[in-house]
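To begin, one chain is listed below as structure tokens, in the form predicted alone.
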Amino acid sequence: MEAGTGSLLSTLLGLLLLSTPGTRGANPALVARITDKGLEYGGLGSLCRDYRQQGHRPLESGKVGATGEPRAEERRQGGRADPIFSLSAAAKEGLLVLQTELQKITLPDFTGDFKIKHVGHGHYEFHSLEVQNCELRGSSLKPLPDHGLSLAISDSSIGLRGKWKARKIVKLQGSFDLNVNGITISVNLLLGSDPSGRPTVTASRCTSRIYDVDVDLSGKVGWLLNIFHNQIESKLRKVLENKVCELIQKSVTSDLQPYLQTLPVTAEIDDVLSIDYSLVEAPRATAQMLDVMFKGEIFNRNHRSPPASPTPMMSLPENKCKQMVYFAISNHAFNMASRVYHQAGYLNFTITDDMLPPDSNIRLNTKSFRPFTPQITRRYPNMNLELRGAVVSTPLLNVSPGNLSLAPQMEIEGFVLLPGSTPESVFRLDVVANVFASLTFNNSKVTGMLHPEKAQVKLIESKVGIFNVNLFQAFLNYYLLNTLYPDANSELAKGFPLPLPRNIKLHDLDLQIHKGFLYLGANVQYLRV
């Protein structure tokens, strides 16, 4: 299979720029590091309100297919949920669900007898309690070392309305409003991974506390208010606290876990490549960060075969993390993609005369090639030539501190285009091109530029006698520097979008090049619209 002349090196570096996320238990090719600063950003409660105001609905149970595949809407949007932010997104979605479900809870009636001095015995009943509003505020996520995440909700409130009636000498009745304030909720979210490599979550150690209950009764019944505070308030607190934790457990089991199961573990990159970004192990939590390790195996989408070599271990920096998120991308991900392209013949190319710059003094015909090999015009007078190039072995990206480079080794074969006959091979050349690359990131995409050195040419075989290698080397470098590399850089300058959720913007970008991997840090801004 052949590609256009601009596709060779642009494709190679394009693979490097892919921001997509080694077998379970193996080393990952991509690690997403979410710091405590990133988890706490903005407060989950405020983000939830923004999320809801933009028309997003909470997750609904039963919207996940039996196979755990994305819902129809997600497939229409490309079928990809961003795994880097999915855990935080799941928590945000879970809060929306919890807030919605709290407004649906049913509360028991509270009845009992009382005795009032100078009045005697009586009977009271507080009934038909309904939740009118619920606000979950002051929410935060923090890493829970060795387990997952700790979700804390503070300064939240629930408003209720109900009816009361009492019988002493006469029967009295009315309504009441109840404001439950200072609600705090704490729950641990234990993170794991299932056999398919999708993340799992379970709730553990849920506690809920209420610090203030304010009741407003209709009518002049101060004595009934005293009864409420003395006999009912503690019962109501306990019922509400238990209801909250029951709903959290239900929300995690019925909503968050199915949500995580919608995350695809493979995705198509193009017509040739797919990527497996299942988890290689459960997310790792320390006091300052959460590391999510993805397999990152790139394979031929039409014929998957085991990778040629295991993914090397990445030693991530342990210094203090200043940014909210970090992405570590192993050069092994690039090299796997490069190997697939090479095996599929995608790195082969053809150069014909119409591809040369119009002002080139050398054309691809036998007359113009006389300075390279004098005999070619005598044997093939006034005939066109074609150059076919193929990468001999998989070009491997070398990532070392401060440096990105690759040295593709190519073989170029010259053919004479015989009229009405099969092209005839007349020479073969070995070409080595050393290329350095630079990357530039902005808030939504990454761009690149190639900085090539002069290609070195050696003669493998000539069927037309003497061949001037140095002159051909000069011609080839002229073509590479004036046509192929500019075309490749033009494509790379368009940039490759970073796989970010909608309304997420990155800023304060920090790219570090370490031995064997790239390390990109960024702060996150949630755009409120």
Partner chain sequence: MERQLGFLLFLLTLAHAFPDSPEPCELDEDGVRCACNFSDPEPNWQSAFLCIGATDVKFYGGGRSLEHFLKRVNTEANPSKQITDVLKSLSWQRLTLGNARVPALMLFGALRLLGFTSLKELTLENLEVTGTALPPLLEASGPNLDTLRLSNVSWATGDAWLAELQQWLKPGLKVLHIAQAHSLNFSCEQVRVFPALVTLDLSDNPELGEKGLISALCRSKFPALRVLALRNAGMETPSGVCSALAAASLQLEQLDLSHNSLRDTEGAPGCDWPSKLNSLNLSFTELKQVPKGLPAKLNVLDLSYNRLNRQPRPDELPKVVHLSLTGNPFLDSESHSEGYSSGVVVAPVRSSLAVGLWATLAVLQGAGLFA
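Nothing here was measured: the structure is a model prediction, and the numbers come from that model. Residue numbers count along the first chain shown, from 1. In this text, rigid core is short for the largest set of C-alphas that superpose within 1.5 Å between two forms.
One more form of this protein exists, namely the form predicted together with the partner chain; it is left out here, but the text below deals with it.
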Contact between A493 and the partner chain in the model of the complex at 4.5 Å, heavy atoms? no
L481 near the partner chain in the model of the complex, any heavy atom under 4.5 Å? yes
Would you please decide whether S462 lies within 4.5 angstroms of the partner chain in the model of the complex, comparing each non-hydrogen atom pair? no
Would C245 sit within 4.5 Å of the partner chain in the model of the complex, counting heavy atoms only? no
Within 4.5 Å of the partner chain in the model of the complex - does that hold for a heavy atom of every one of N300, A308 and V392? no
Candidate from T253, N179, S368, T352 lying within 4.5 Å of the partner chain in the model of the complex - any heavy atom: S368
Residue among S150, S274, N398, Q375 with a heavy atom within 4.5 Å of the partner chain in the model of the complex: Q375
For the interface check, one of 431-439, 340-348, 355-363, 181-189 should have non-hydrogen atoms within 4.5 Å of the partner chain in the model of the complex; which one? 355-363
May I ask you to list the residues of 462-478 that have any heavy atom within 4.5 angstroms of the partner chain in the model of the complex, in sequence order? I466, N468, N470, L471, A474, F475, Y478
Threshold 2 Å Cα movement between the shown form and the other one for N361, core superposed: yes
